[in-house]
Structures are given as structure tokens and as C-alpha cells.
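Here you get one chain, nothing else, as C-alpha cells; it is the form predicted on its own.
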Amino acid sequence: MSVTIDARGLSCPQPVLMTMDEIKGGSEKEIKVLVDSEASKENVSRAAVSQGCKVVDIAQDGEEYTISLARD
């Protein structure tokens, strides 16, 4: 199972904070984060890695990104 965080339309640090809340409080091993800016993609990926998550994939569709994260 996975959880999806839809942070499209939000500017940083909101996507990072939403992702960190899920990493710290959620129970799903797979997290998908939807963002719509390059800065959010980079910031979410960096924050997730700093918390021990792996960036499994980053898919781009136009100006939107789907960041797939996995925690150990």
C-alpha cells in the first residue's frame, strides 16, 4: 500500500512539511508526492533522503512531478 500527498499548487515549504508529517507519523512504506515546481521536487526529495527515505522514482508530466519515496 502507498499513500499519496497532493501538494500541487502549494509553494515551499508546505510540500516539504506535508511530506515530513507523513514520514514521521504515517505507517505506509511507499509515499507518492505530487508537486508542480522544480524547487518543490528538489526540496521534497532532499528532505526525504535526510529522513532515511529513498527516492525510488521521479516522473515528470508536463510541469508536474510525481516523487515516489520508500522508507525502510
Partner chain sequence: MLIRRFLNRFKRQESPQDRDDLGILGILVFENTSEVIQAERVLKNGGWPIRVMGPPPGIQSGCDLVIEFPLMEELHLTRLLTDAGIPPLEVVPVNDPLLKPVDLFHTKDFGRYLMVRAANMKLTVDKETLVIVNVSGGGCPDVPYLAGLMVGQTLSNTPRPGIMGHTLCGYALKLALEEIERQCLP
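Positions refer to the first chain, counted from 1. A quick note: this is a predicted structure, and the numbers were derived from the prediction, not measured.
Although it is not shown, the form predicted in complex with its partner chain is what the next lines describe.
K.L.:
When you measure heavy atoms, are 27, 32 and 53 every one within 4.5 angstroms of its partner chain in the predicted bound form?
P.N.:
No.
K.L.:
Is residue 21 a contact residue for its partner chain in the predicted bound form, using a 4.5 Å heavy atom cut-off?
P.N.:
Residue-level check for residue 21: yes, a contact with its partner chain.
K.L.:
Does residue 58 make contact with its partner chain in the predicted bound form, using a 4.5 Å heavy atom cut-off?
P.N.:
Because no heavy atom of residue 58 falls inside 4.5 Å of its partner chain in the predicted bound form, the answer is no.
K.L.:
Given a 4.5 Å distance limit between heavy atoms, list every residue of 33-65 close to its partner chain in the predicted bound form, or none if there are none.
P.N.:
Result: 43, 46, 47, 50, 51.
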